[in-house]
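One chain is shown next in structure tokens, namely the form predicted alone.
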Amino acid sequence: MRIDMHCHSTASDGTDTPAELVRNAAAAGLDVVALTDHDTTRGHAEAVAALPQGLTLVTGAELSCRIDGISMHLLAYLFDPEEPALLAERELVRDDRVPRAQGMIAKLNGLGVPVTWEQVKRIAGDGSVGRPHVASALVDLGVVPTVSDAFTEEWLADGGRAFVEKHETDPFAAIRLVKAAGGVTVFAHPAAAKRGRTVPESAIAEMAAAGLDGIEVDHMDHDADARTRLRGLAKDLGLLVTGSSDYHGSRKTVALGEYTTDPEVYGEITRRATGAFPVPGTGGA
């Protein structure tokens, strides 16, 4: 059983539509795929409608959080998308994305980069605009060779020359909100140091005590040493260990199913969730 618990569509900053994502997941030999767009569940209905037979969809979102000045992402699975408090917080984060992107564009213009809001908006399409769309514009302009190369201190990384903060949820509040909505929480790519400062293990321990369910260990941004360290931390804290591609379509080089989650861990996630249930494919539209 092959399970990928972290994927993005055009509902946020991926390049596959939700329908394309689930079809590509089936073609890649996956049995389960999670749709976890940034701070939105807008792609879920399209993904469900197109879900091929034999593929199960886990609905979720990747929540933007910040602790002690450090940005982090919290994967939320199988929560009730209409729960009012969590919905209001997601909308607050999403609403701040446009002025943030415009602020980054202004900083880039000040650095001599001729990126425009129209260009970034065109790249984002119907998705929630974010840093990867600005990064894609830098690639299109020949400023950097790849999207990943834009996430450096020279450009868009946390604290970088063109970085602009946005509203991000306190992770302890996010854990409470997701739990109240019947969901399960996993700290996404906690050792992805190239993205900026990482959250200390002491803070992860505090999150575990507050109800965090797991940490994402097998990820393209974690080397072998980081994975070994995170597995030990998860064991010490009693946290679930997941693996995921963090697929963004052509925006990243990672393939669907390149990293996967153990079926027993997936089973435990579904057992803990009460807000929603995995959706089995019936053939798709």
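Remember, it's a predicted structure, so these values are computed and weren't measured experimentally. Numbers for residues come from their place in the sequence shown, where the first is 1.
Below, we refer to the form predicted together with a small molecule, which is not included among the displayed structures.
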If we define contact as a non-hydrogen atom of the residue within 4.5 angstroms of the partner, is Phe151 a contact of the small molecule in the predicted bound form?
yes
Closest heavy atom of Lys194 to the small molecule in the predicted bound form, within 4.5 Å or not?
yes
Examine Pro190 and determine whether its closest non-hydrogen atom to the small molecule in the predicted bound form is within 4.5 angstroms.
no
With the partner left out of view, is Pro132 within 4.5 angstroms of the small molecule in the predicted bound form by any non-hydrogen atom?
yes
Where does the small molecule sit in the predicted bound form: which of 170-178, 95-103, 199-207, 80-88, heavy atoms within 4.5 Å?
95-103
